[in-house]
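One chain is shown next in C-alpha coordinates, namely the form predicted alone.
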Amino acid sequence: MDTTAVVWTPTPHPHRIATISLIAGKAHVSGSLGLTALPDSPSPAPTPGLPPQLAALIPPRDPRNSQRRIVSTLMDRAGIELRGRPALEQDWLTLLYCGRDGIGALDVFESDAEAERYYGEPDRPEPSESELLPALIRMQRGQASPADTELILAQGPVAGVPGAMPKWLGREWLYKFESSAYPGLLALEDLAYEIHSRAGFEVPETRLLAIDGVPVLASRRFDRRLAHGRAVAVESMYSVWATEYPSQIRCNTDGSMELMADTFREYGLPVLEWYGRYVLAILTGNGDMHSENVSLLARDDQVQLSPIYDPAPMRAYRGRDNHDLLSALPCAGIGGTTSSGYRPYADSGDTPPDLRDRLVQLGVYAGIDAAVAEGEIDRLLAVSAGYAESVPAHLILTLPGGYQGRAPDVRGFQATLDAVARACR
(Lines give C-alpha, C1' and ligand atoms only; values in the text may rest on other atoms or scores of the structure.)
Protein backbone atom coordinates (compact mmCIF):
# COMPACT_ATOMS: atom_id res chain seq x y z
CA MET A 1 0.00 0.00 0.00
CA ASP A 2 1.32 3.43 -0.97
CA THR A 3 1.66 5.45 2.22
CA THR A 4 2.46 8.89 0.81
CA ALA A 5 0.00 11.33 -0.72
CA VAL A 6 -0.16 14.99 -1.71
CA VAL A 7 -2.64 17.66 -0.59
CA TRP A 8 -3.63 20.31 -3.14
CA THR A 9 -5.95 23.28 -3.05
CA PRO A 10 -7.83 24.62 -6.08
CA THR A 11 -7.82 28.18 -4.77
CA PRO A 12 -6.80 30.70 -6.00
CA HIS A 13 -5.38 28.26 -8.56
CA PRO A 14 -4.56 24.54 -8.24
CA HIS A 15 -1.30 23.96 -6.38
CA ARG A 16 0.19 21.55 -3.85
CA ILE A 17 0.33 22.76 -0.25
CA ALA A 18 1.45 19.66 1.69
CA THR A 19 2.44 16.03 1.62
CA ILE A 20 1.14 13.45 4.07
CA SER A 21 2.62 10.06 4.95
CA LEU A 22 1.73 7.13 7.18
CA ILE A 23 4.75 6.20 9.30
CA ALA A 24 4.59 3.73 12.18
CA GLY A 25 0.83 4.10 12.58
CA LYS A 26 0.80 7.91 12.56
CA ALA A 27 -0.02 10.52 9.95
CA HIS A 28 2.88 12.92 9.28
CA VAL A 29 2.23 16.17 7.41
CA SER A 30 4.88 18.26 5.71
CA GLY A 31 3.43 21.67 4.92
CA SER A 32 0.38 23.50 6.23
CA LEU A 33 -3.25 22.39 6.07
CA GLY A 34 -4.67 25.24 8.15
CA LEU A 35 -6.49 28.30 6.89
CA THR A 36 -5.16 30.37 9.78
CA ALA A 37 -1.56 29.13 9.61
CA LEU A 38 1.10 31.76 9.04
CA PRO A 39 3.61 31.27 6.19
CA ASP A 40 6.33 30.22 8.62
CA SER A 41 4.09 27.99 10.75
CA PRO A 42 5.54 24.56 11.55
CA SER A 43 3.90 21.46 10.10
CA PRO A 44 1.23 19.87 12.30
CA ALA A 45 2.44 17.33 14.84
CA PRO A 46 2.07 13.64 13.83
CA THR A 47 -1.36 12.28 14.73
CA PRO A 48 -2.57 8.72 15.46
CA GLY A 49 -5.49 9.35 13.08
CA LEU A 50 -5.93 11.57 10.07
CA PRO A 51 -5.52 15.32 10.71
CA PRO A 52 -8.99 16.80 11.36
CA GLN A 53 -8.84 18.93 8.21
CA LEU A 54 -8.61 15.72 6.16
CA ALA A 55 -10.70 13.43 8.37
CA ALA A 56 -13.68 15.69 7.59
CA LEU A 57 -13.46 14.63 3.92
CA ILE A 58 -14.40 11.01 4.56
CA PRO A 59 -17.89 9.76 5.48
CA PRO A 60 -18.63 9.01 9.15
CA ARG A 61 -17.60 5.51 10.20
CA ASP A 62 -21.12 4.11 10.45
CA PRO A 63 -22.30 1.28 8.17
CA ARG A 64 -25.84 2.73 8.28
CA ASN A 65 -24.61 6.08 6.96
CA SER A 66 -25.63 6.41 3.31
CA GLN A 67 -22.48 8.34 2.40
CA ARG A 68 -20.34 5.56 3.82
CA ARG A 69 -22.36 2.85 2.04
CA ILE A 70 -22.03 4.58 -1.33
CA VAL A 71 -18.27 5.09 -1.00
CA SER A 72 -17.79 1.52 0.27
CA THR A 73 -19.72 0.11 -2.70
CA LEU A 74 -17.64 2.13 -5.14
CA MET A 75 -14.41 1.05 -3.46
CA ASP A 76 -15.52 -2.60 -3.63
CA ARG A 77 -16.17 -2.17 -7.35
CA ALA A 78 -12.72 -0.65 -7.75
CA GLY A 79 -11.15 -3.63 -5.96
CA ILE A 80 -10.02 -1.62 -2.93
CA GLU A 81 -10.23 -3.97 0.06
CA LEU A 82 -10.75 -2.41 3.50
CA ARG A 83 -11.73 -5.46 5.53
CA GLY A 84 -9.06 -6.69 7.92
CA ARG A 85 -7.03 -3.48 7.81
CA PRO A 86 -6.30 -1.26 10.83
CA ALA A 87 -8.65 1.71 11.22
CA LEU A 88 -6.06 4.28 10.13
CA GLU A 89 -5.30 2.33 6.94
CA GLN A 90 -9.03 2.10 6.17
CA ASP A 91 -9.38 5.86 6.63
CA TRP A 92 -6.28 6.46 4.52
CA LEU A 93 -7.55 4.42 1.58
CA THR A 94 -10.99 6.04 1.86
CA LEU A 95 -9.40 9.50 1.89
CA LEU A 96 -7.39 8.73 -1.23
CA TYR A 97 -10.55 7.53 -2.94
CA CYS A 98 -13.06 10.26 -2.06
CA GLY A 99 -11.13 13.12 -0.47
CA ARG A 100 -11.82 15.73 -3.16
CA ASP A 101 -14.27 18.58 -3.71
CA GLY A 102 -15.49 18.44 -0.12
CA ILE A 103 -16.35 21.31 2.21
CA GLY A 104 -13.48 23.76 2.06
CA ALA A 105 -10.63 23.64 -0.39
CA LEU A 106 -8.41 20.65 0.36
CA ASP A 107 -8.06 17.79 -2.13
CA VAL A 108 -5.97 14.63 -1.58
CA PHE A 109 -4.28 12.68 -4.38
CA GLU A 110 -1.84 9.82 -4.69
CA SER A 111 0.48 11.98 -6.81
CA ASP A 112 0.92 15.42 -8.34
CA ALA A 113 0.26 13.93 -11.77
CA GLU A 114 -3.13 12.63 -10.60
CA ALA A 115 -3.95 16.09 -9.20
CA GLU A 116 -3.09 17.78 -12.50
CA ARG A 117 -5.30 15.32 -14.40
CA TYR A 118 -8.18 15.90 -11.96
CA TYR A 119 -8.12 19.68 -12.24
CA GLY A 120 -7.87 19.44 -16.02
CA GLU A 121 -11.05 17.38 -16.38
CA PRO A 122 -14.42 19.04 -17.05
CA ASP A 123 -17.10 18.81 -14.36
CA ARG A 124 -19.35 15.81 -14.87
CA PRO A 125 -23.07 16.52 -15.36
CA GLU A 126 -25.09 16.41 -12.15
CA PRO A 127 -28.60 14.92 -12.16
CA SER A 128 -31.54 17.09 -11.19
CA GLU A 129 -32.90 17.14 -7.64
CA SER A 130 -36.07 15.45 -8.89
CA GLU A 131 -33.97 12.47 -10.03
CA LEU A 132 -31.29 12.27 -7.37
CA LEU A 133 -33.07 12.98 -4.08
CA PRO A 134 -35.83 10.34 -4.42
CA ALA A 135 -33.18 7.77 -5.37
CA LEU A 136 -31.12 8.65 -2.29
CA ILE A 137 -34.20 8.38 -0.05
CA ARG A 138 -35.08 4.97 -1.47
CA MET A 139 -31.48 3.89 -0.84
CA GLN A 140 -31.79 5.01 2.82
CA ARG A 141 -34.98 2.97 3.12
CA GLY A 142 -33.36 -0.08 1.55
CA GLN A 143 -35.75 0.18 -1.40
CA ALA A 144 -33.37 1.36 -4.13
CA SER A 145 -33.94 -0.16 -7.55
CA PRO A 146 -30.97 -1.12 -9.75
CA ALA A 147 -31.60 2.08 -11.71
CA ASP A 148 -31.51 4.14 -8.48
CA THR A 149 -28.26 2.52 -7.44
CA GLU A 150 -26.60 3.13 -10.80
CA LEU A 151 -27.78 6.76 -10.86
CA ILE A 152 -26.19 7.36 -7.45
CA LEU A 153 -23.00 5.44 -8.11
CA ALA A 154 -22.56 7.19 -11.45
CA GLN A 155 -21.84 10.38 -9.51
CA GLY A 156 -18.60 8.79 -8.40
CA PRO A 157 -17.08 9.16 -4.95
CA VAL A 158 -18.54 12.11 -3.03
CA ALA A 159 -16.61 13.60 -0.12
CA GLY A 160 -18.03 13.09 3.34
CA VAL A 161 -19.72 15.65 5.58
CA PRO A 162 -19.41 15.34 9.39
CA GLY A 163 -22.48 14.77 11.53
CA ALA A 164 -25.01 12.10 12.40
CA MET A 165 -27.75 13.13 9.95
CA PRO A 166 -27.67 11.58 6.45
CA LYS A 167 -26.31 14.09 3.92
CA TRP A 168 -25.42 14.46 0.27
CA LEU A 169 -22.91 16.99 -0.99
CA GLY A 170 -23.93 18.38 -4.37
CA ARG A 171 -22.01 20.86 -6.47
CA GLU A 172 -24.01 23.87 -5.24
CA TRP A 173 -26.21 22.49 -2.45
CA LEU A 174 -25.76 20.43 0.70
CA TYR A 175 -28.79 18.20 1.31
CA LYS A 176 -29.63 16.99 4.82
CA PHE A 177 -32.21 14.18 5.07
CA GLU A 178 -34.42 13.81 8.11
CA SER A 179 -33.64 10.76 10.21
CA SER A 180 -36.44 8.76 11.79
CA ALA A 181 -34.60 9.24 15.09
CA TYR A 182 -35.22 13.00 14.97
CA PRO A 183 -38.70 13.61 13.53
CA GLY A 184 -39.45 17.27 12.93
CA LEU A 185 -35.84 18.38 13.38
CA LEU A 186 -35.36 19.85 9.91
CA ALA A 187 -38.50 22.00 10.14
CA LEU A 188 -37.23 23.28 13.49
CA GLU A 189 -33.75 23.86 12.08
CA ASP A 190 -35.27 25.78 9.17
CA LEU A 191 -37.05 27.99 11.70
CA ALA A 192 -33.75 28.51 13.55
CA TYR A 193 -32.14 29.69 10.30
CA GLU A 194 -35.00 32.17 9.89
CA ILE A 195 -34.52 33.56 13.40
CA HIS A 196 -30.76 33.91 12.93
CA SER A 197 -31.37 35.75 9.68
CA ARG A 198 -33.90 38.01 11.43
CA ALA A 199 -31.19 38.78 13.99
CA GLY A 200 -28.93 40.05 11.21
CA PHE A 201 -26.51 37.11 11.15
CA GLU A 202 -25.29 35.72 7.84
CA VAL A 203 -27.00 32.46 6.89
CA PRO A 204 -26.87 30.48 3.65
CA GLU A 205 -29.85 30.27 1.36
CA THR A 206 -31.98 27.34 2.52
CA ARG A 207 -34.99 25.41 1.19
CA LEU A 208 -37.09 22.93 3.15
CA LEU A 209 -38.25 20.24 0.72
CA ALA A 210 -40.51 17.21 1.05
CA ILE A 211 -39.40 14.30 -1.13
CA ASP A 212 -41.56 11.17 -1.01
CA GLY A 213 -42.77 12.22 2.43
CA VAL A 214 -39.24 12.78 3.79
CA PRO A 215 -38.17 16.32 4.80
CA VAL A 216 -34.93 17.44 3.16
CA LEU A 217 -33.19 20.67 4.12
CA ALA A 218 -31.12 22.09 1.27
CA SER A 219 -28.55 24.76 2.11
CA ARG A 220 -26.48 26.50 -0.54
CA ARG A 221 -22.78 25.79 -0.15
CA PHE A 222 -21.02 28.86 1.20
CA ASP A 223 -17.64 27.30 0.47
CA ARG A 224 -18.15 28.11 -3.21
CA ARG A 225 -18.00 31.45 -4.97
CA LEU A 226 -21.22 31.19 -6.94
CA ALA A 227 -20.11 33.44 -9.78
CA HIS A 228 -17.52 30.95 -10.94
CA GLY A 229 -17.81 27.95 -8.62
CA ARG A 230 -14.29 28.32 -7.22
CA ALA A 231 -13.66 26.68 -3.87
CA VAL A 232 -13.32 28.83 -0.77
CA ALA A 233 -11.02 27.67 2.02
CA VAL A 234 -12.96 26.74 5.17
CA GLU A 235 -11.66 25.42 8.48
CA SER A 236 -13.59 24.50 11.61
CA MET A 237 -12.55 25.79 15.00
CA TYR A 238 -12.00 22.16 15.98
CA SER A 239 -9.28 21.66 13.36
CA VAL A 240 -7.69 25.01 14.29
CA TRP A 241 -7.49 23.92 17.92
CA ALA A 242 -6.50 20.31 17.26
CA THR A 243 -3.58 21.56 15.16
CA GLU A 244 -2.48 24.16 17.71
CA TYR A 245 -3.14 22.12 20.88
CA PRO A 246 -2.92 18.44 19.80
CA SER A 247 -2.43 17.11 23.33
CA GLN A 248 -5.47 18.97 24.71
CA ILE A 249 -8.05 18.95 21.92
CA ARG A 250 -9.07 15.40 21.04
CA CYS A 251 -12.75 15.88 20.13
CA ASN A 252 -15.16 18.65 19.22
CA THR A 253 -16.34 19.18 22.81
CA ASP A 254 -12.85 19.81 24.17
CA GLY A 255 -11.96 23.44 24.78
CA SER A 256 -14.27 26.23 25.93
CA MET A 257 -16.04 29.35 24.74
CA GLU A 258 -13.30 31.36 26.45
CA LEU A 259 -10.71 29.59 24.29
CA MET A 260 -12.84 30.43 21.25
CA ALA A 261 -12.84 34.09 22.30
CA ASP A 262 -9.05 33.94 22.58
CA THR A 263 -8.82 32.50 19.05
CA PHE A 264 -11.12 35.14 17.60
CA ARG A 265 -9.11 37.93 19.16
CA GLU A 266 -5.85 36.35 17.99
CA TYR A 267 -6.99 36.45 14.38
CA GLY A 268 -8.81 39.78 14.60
CA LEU A 269 -12.23 38.23 14.00
CA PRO A 270 -15.62 39.84 14.86
CA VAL A 271 -16.02 38.94 18.53
CA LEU A 272 -19.40 40.66 18.97
CA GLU A 273 -21.01 38.74 16.10
CA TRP A 274 -19.64 35.43 17.42
CA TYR A 275 -20.92 36.35 20.88
CA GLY A 276 -24.39 37.16 19.54
CA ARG A 277 -24.55 33.88 17.65
CA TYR A 278 -23.72 31.99 20.84
CA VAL A 279 -26.37 33.83 22.87
CA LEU A 280 -28.98 33.12 20.20
CA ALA A 281 -27.97 29.44 20.11
CA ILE A 282 -28.73 29.23 23.82
CA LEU A 283 -32.03 31.09 23.43
CA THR A 284 -33.17 28.75 20.62
CA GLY A 285 -32.21 25.52 22.39
CA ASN A 286 -29.15 24.73 20.29
CA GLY A 287 -26.83 23.21 22.85
CA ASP A 288 -24.83 21.57 20.07
CA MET A 289 -22.62 24.56 19.16
CA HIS A 290 -19.39 22.60 19.51
CA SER A 291 -16.11 23.47 17.81
CA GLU A 292 -17.03 21.75 14.52
CA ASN A 293 -20.12 23.94 14.23
CA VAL A 294 -18.11 27.16 14.13
CA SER A 295 -15.90 27.74 11.09
CA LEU A 296 -13.67 30.32 9.52
CA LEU A 297 -13.37 30.95 5.79
CA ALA A 298 -11.16 32.92 3.43
CA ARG A 299 -13.10 35.65 1.65
CA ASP A 300 -11.53 38.52 -0.25
CA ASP A 301 -8.11 37.38 1.00
CA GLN A 302 -9.19 37.73 4.63
CA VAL A 303 -10.05 35.17 7.28
CA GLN A 304 -13.67 35.69 8.34
CA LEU A 305 -16.39 34.02 10.37
CA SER A 306 -18.35 31.67 8.11
CA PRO A 307 -22.11 31.94 7.68
CA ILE A 308 -24.14 30.05 10.28
CA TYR A 309 -24.71 26.35 9.66
CA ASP A 310 -26.25 23.44 11.55
CA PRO A 311 -28.19 25.58 14.08
CA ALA A 312 -30.20 22.49 15.07
CA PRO A 313 -32.15 22.95 18.36
CA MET A 314 -31.22 19.53 19.70
CA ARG A 315 -32.67 20.21 23.15
CA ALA A 316 -36.07 19.35 21.69
CA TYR A 317 -34.87 15.73 21.88
CA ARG A 318 -34.08 15.81 25.59
CA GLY A 319 -33.96 12.49 27.39
CA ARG A 320 -31.20 11.15 25.14
CA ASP A 321 -27.49 11.27 25.99
CA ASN A 322 -26.03 14.76 25.51
CA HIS A 323 -29.21 16.11 23.89
CA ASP A 324 -30.24 18.48 26.68
CA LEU A 325 -27.00 20.41 26.91
CA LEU A 326 -27.13 24.08 27.77
CA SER A 327 -23.87 24.40 25.82
CA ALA A 328 -21.62 21.74 24.30
CA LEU A 329 -18.58 23.82 25.27
CA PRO A 330 -18.12 25.18 28.81
CA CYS A 331 -18.76 28.88 29.30
CA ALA A 332 -18.19 30.91 32.48
CA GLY A 333 -18.27 27.80 34.67
CA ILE A 334 -21.39 26.24 33.13
CA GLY A 335 -22.08 24.03 30.13
CA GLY A 336 -19.90 21.29 28.71
CA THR A 337 -20.31 17.53 28.64
CA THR A 338 -19.20 14.76 30.92
CA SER A 339 -18.74 11.06 30.31
CA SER A 340 -19.87 10.11 33.81
CA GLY A 341 -21.57 11.58 36.82
CA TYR A 342 -23.85 14.59 37.00
CA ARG A 343 -22.97 18.27 36.83
CA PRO A 344 -25.55 21.01 37.43
CA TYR A 345 -25.97 23.45 34.54
CA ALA A 346 -24.00 21.18 32.21
CA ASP A 347 -25.54 17.94 30.95
CA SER A 348 -28.23 18.09 33.63
CA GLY A 349 -30.55 20.22 31.50
CA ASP A 350 -30.97 22.66 34.40
CA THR A 351 -30.96 26.40 33.74
CA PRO A 352 -28.65 28.49 35.96
CA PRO A 353 -30.62 31.37 37.52
CA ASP A 354 -27.67 33.71 36.88
CA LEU A 355 -27.37 32.79 33.19
CA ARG A 356 -27.49 36.42 32.07
CA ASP A 357 -24.62 37.36 34.39
CA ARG A 358 -22.54 34.44 33.13
CA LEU A 359 -23.13 35.39 29.49
CA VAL A 360 -22.12 38.97 30.26
CA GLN A 361 -19.02 37.58 31.97
CA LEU A 362 -18.12 35.73 28.75
CA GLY A 363 -18.63 38.91 26.74
CA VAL A 364 -16.36 40.91 29.03
CA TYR A 365 -13.72 38.16 28.80
CA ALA A 366 -13.91 38.44 25.01
CA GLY A 367 -13.27 42.19 25.20
CA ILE A 368 -16.87 43.38 24.86
CA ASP A 369 -18.05 46.16 27.15
CA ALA A 370 -20.51 44.84 29.74
CA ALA A 371 -23.22 47.28 28.65
CA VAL A 372 -22.77 46.24 25.01
CA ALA A 373 -23.02 42.56 25.99
CA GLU A 374 -26.21 43.23 27.95
CA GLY A 375 -27.65 45.17 25.03
CA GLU A 376 -26.95 42.25 22.68
CA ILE A 377 -28.68 39.83 25.04
CA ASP A 378 -31.72 42.12 25.20
CA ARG A 379 -31.78 42.51 21.41
CA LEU A 380 -31.71 38.75 20.88
CA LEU A 381 -34.38 38.17 23.52
CA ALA A 382 -36.61 40.46 21.46
CA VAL A 383 -35.70 38.75 18.16
CA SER A 384 -36.49 35.29 19.58
CA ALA A 385 -39.70 36.33 21.35
CA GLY A 386 -42.50 33.98 20.35
CA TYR A 387 -40.09 31.22 19.32
CA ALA A 388 -41.18 28.82 22.08
CA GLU A 389 -44.84 29.24 21.09
CA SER A 390 -44.05 28.41 17.44
CA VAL A 391 -42.27 25.16 18.28
CA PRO A 392 -45.33 22.82 18.25
CA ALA A 393 -46.24 23.82 14.69
CA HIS A 394 -42.79 22.85 13.50
CA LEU A 395 -42.37 19.67 15.56
CA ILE A 396 -45.79 18.07 15.97
CA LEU A 397 -47.45 19.06 12.69
CA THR A 398 -44.48 17.84 10.67
CA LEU A 399 -44.59 14.31 12.06
CA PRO A 400 -45.63 11.79 9.41
CA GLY A 401 -49.13 10.38 9.68
CA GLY A 402 -49.32 7.37 11.99
CA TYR A 403 -45.86 8.03 13.42
CA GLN A 404 -45.18 5.51 16.21
CA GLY A 405 -41.56 6.29 17.07
CA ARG A 406 -40.02 8.38 19.80
CA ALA A 407 -41.45 11.88 19.42
CA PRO A 408 -39.66 15.04 20.50
CA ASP A 409 -40.43 16.35 23.99
CA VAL A 410 -42.32 19.45 22.87
CA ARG A 411 -43.65 20.55 26.27
CA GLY A 412 -40.33 19.93 27.99
CA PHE A 413 -38.52 21.86 25.27
CA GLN A 414 -40.91 24.79 25.57
CA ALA A 415 -40.44 24.82 29.35
CA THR A 416 -36.65 24.84 28.87
CA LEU A 417 -36.85 27.71 26.39
CA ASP A 418 -39.03 29.71 28.77
CA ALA A 419 -36.64 29.06 31.67
CA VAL A 420 -33.64 30.13 29.59
CA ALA A 421 -35.37 33.32 28.43
CA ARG A 422 -36.35 34.22 32.03
CA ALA A 423 -32.78 33.64 33.24
CA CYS A 424 -31.45 35.95 30.50
CA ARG A 425 -33.74 38.87 31.34
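Predicted model only: the values in this text are computed from it and were never measured. Counting begins at 1, following the sequence as shown.
The following text describes the form predicted in complex with a small molecule, which does not appear among the structures shown.
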- [ ] Check each of 293, 263, 155, 337 and return the one that places a heavy atom within 4.5 angstroms of the small molecule in the predicted bound form.
- [x] 293
- [ ] Taking 4.5 Å between heavy atoms as the contact cutoff, choose which of 219, 351, 140, 253 touches the small molecule in the predicted bound form.
- [x] 219
TODO: Check whether residue 132 has any heavy atom within 4.5 Å of a heavy atom of the small molecule in the predicted bound form, and answer yes or no.
DONE: no
- [ ] Flag residue 176 as yes or no: does it have a non-hydrogen atom within 4.5 angstroms of any non-hydrogen atom of the small molecule in the predicted bound form?
- [x] yes
- [ ] Flag residue 87 as yes or no: does it have a non-hydrogen atom within 4.5 angstroms of any non-hydrogen atom of the small molecule in the predicted bound form?
- [x] no
Open item on the list: Under a 4.5 Å heavy atom criterion, is residue 214 part of the interface with the small molecule in the predicted bound form?
Closed with: no
Open item on the list: Within 4.5 angstroms, counting heavy atoms, which one of the listed stretches 321-329, 284-292, 239-247, 88-96 is next to the small molecule in the predicted bound form?
Closed with: 284-292
